[in-house]
Each structure stands twice: as structure tokens, then as C-alpha cells.
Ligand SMILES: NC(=O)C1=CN([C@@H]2O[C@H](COP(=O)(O)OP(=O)(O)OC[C@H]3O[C@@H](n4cnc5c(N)ncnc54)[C@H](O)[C@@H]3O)[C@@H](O)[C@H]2O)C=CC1
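The data below hold one chain only, encoded as C-alpha cells and taken in the form predicted alone.
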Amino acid sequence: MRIENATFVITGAGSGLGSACAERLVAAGGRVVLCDLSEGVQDQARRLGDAAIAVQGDVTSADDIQAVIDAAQAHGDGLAGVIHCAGVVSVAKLVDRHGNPADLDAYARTVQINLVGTFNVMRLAAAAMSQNPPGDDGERGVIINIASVAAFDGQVGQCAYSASKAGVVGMSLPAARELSRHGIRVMAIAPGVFETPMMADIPEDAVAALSQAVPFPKRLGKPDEFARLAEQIITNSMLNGEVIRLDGGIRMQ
């Protein structure tokens, strides 16, 4: 698949990994529709110029995401792909220090956004891309979801987050198998610790410890390194039905 003159939806595009993906695809000649709940996504689209538009939306809303898909189809010659970066991080122990059980609504919210939201974006994007004329190898589109190393190495307090990201991992292969008849590929990236706004709330000593836990290179990942992998997935049609860890070799304890 070629990026030049193709249109891609990027969720969670207001900052961090999604923002980096938008910058890289526009630099490669692509068009992007940026989706985020934050109003800052509008500023991001303006910075990227005419190749970018922004549509605020909630990934768990069928109406919101259909509006994003419709905007993408109007922004170019059909929707070529989706990079789904939207999600939340949550930390809560099953039983706290006072013996109280974890909040069930908080657990459900994490799963709703990270897992149900991913399914929502994937189903609506796939329906649109299935109508595209086939390109090389009969390809009609590509979906890239974001998982996490927590899907495999969940830490204490990450039952909700790890379960939601493990669900994204679990959907990757069956979705790729199902959508193969439409010429649509499905991939997932499982990043480790990256320099994103979510990391800004973590104390410096904790960030330093996380950096030292990475075998090599001993630092946090950079958003553009994630975006470069997403670009490679888009352009390499043999990448399908797989989850790629992008983590410097870290295994969380």
C-alpha cells in the first residue's frame, strides 16, 4: 500500500503516539483525519496544513466514529487505513490497603474504552474499506491497533488495563482472518514505555527506573519510533495478523 495521496484515520491523534503518526503520514504525502476527544486535535490539524482535518469524537460512540469515517471518505478517494491509538491507562488493586474491593465501574470504563472502543473503530472502518476498489494484491485497507506490553507482562494494579489490552491482542488474528476476504489487513503494536503525555505525571525517579529496566536502548521510546513502525506496516503488505512488541526488550515485573 502506498501512503502518498491515501487517506488515513488516526484516533488519539491529539498528542503522543497518534500525533507522531499523523506527522509522519503527512510528511510521506498522505492525508489524515485526526480523531480525539480533546479540542487540541483541532490545533494539531491546523499545524499539519491542508492534508489534515480534525473531528472530535469518542471511540466508544458509533455515531461519533461513523462521522469520522464519513469525513475521511470525503477528504480523499476512500479510506485506506486506520491507526487506532486512543485509550486510557488505569491502575487499581483488586483489594486496597484498607480491604476495600476495586471499583467495578472503573474496571468497566477501562474495558469499554480500550477494548470495546477498538472493536467499534475496527468494525466501522472495515465496513467502509471493504467498498474500496482493490489495489496491489487485492488490498483494500489496513487497520493498526495499539495494544501494550501490559497485555503480556501486566504489573500489580493493572488487571483492568492488562485485560483490555490482552483483548486487543486476542482480536488481531481472528479479525485478520475474517477481513482477509475483503483484502483488509489487521495488525497491532504493543509498545513498552514511551515518552507520551501520560508519562508526564510519573515522578522523575520512576521514569529513570523504567528507563533502566529497558535492556537496550536504556531510555523511553520516542513517539516517532512508534510512527515509523506504523508506516512500515502500512507499506509492507506481508505484515498481517500479528502483534509486534516495540519495547527495547523490556519485560515488566
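Numbers follow the displayed sequence, beginning with 1. Please read these numbers as outputs of a predicted model, since none were measured by experiment.
As for the form predicted together with this ligand, it is not shown, yet the points below apply to it.
Sort through 129 to 137, 100 to 108, 147 to 155, 169 to 177 and report the only stretch with a non-hydrogen atom within 4.5 Å of this ligand in the predicted complex. Result for this chain: 147 to 155.
Looking at the partner-bound form in the predicted complex, is residue 211 within 4.5 Å of this ligand by any heavy atom? Because no heavy atom of residue 211 falls inside 4.5 Å of this ligand in the predicted complex, the answer is no.
Even though the partner isn't displayed, in the predicted complex is residue 234 close enough to this ligand, meaning a heavy atom within 4.5 Å? Close contact is absent here: in the predicted complex, residue 234 is far from this ligand, nothing within 4.5 Å, heavy atoms only.
At 4.5 Å between heavy atoms, is residue 27 in contact with this ligand in the predicted complex? No, residue 27 stays farther than 4.5 Å from this ligand in the predicted complex.
Is residue 17 part of the interface with this ligand in the predicted complex - any heavy atom within 4.5 Å? Within the cut-off, so yes.
Answer yes or no: in the predicted complex, does this ligand come within 4.5 Å of a heavy atom in every one of 3, 70 and 125? Not one of the three qualifies.
Residue by residue through 65 to 98, tell me which have a non-hydrogen atom within 4.5 angstroms of this ligand in the predicted complex. Result: 85, 86, 87, 88.
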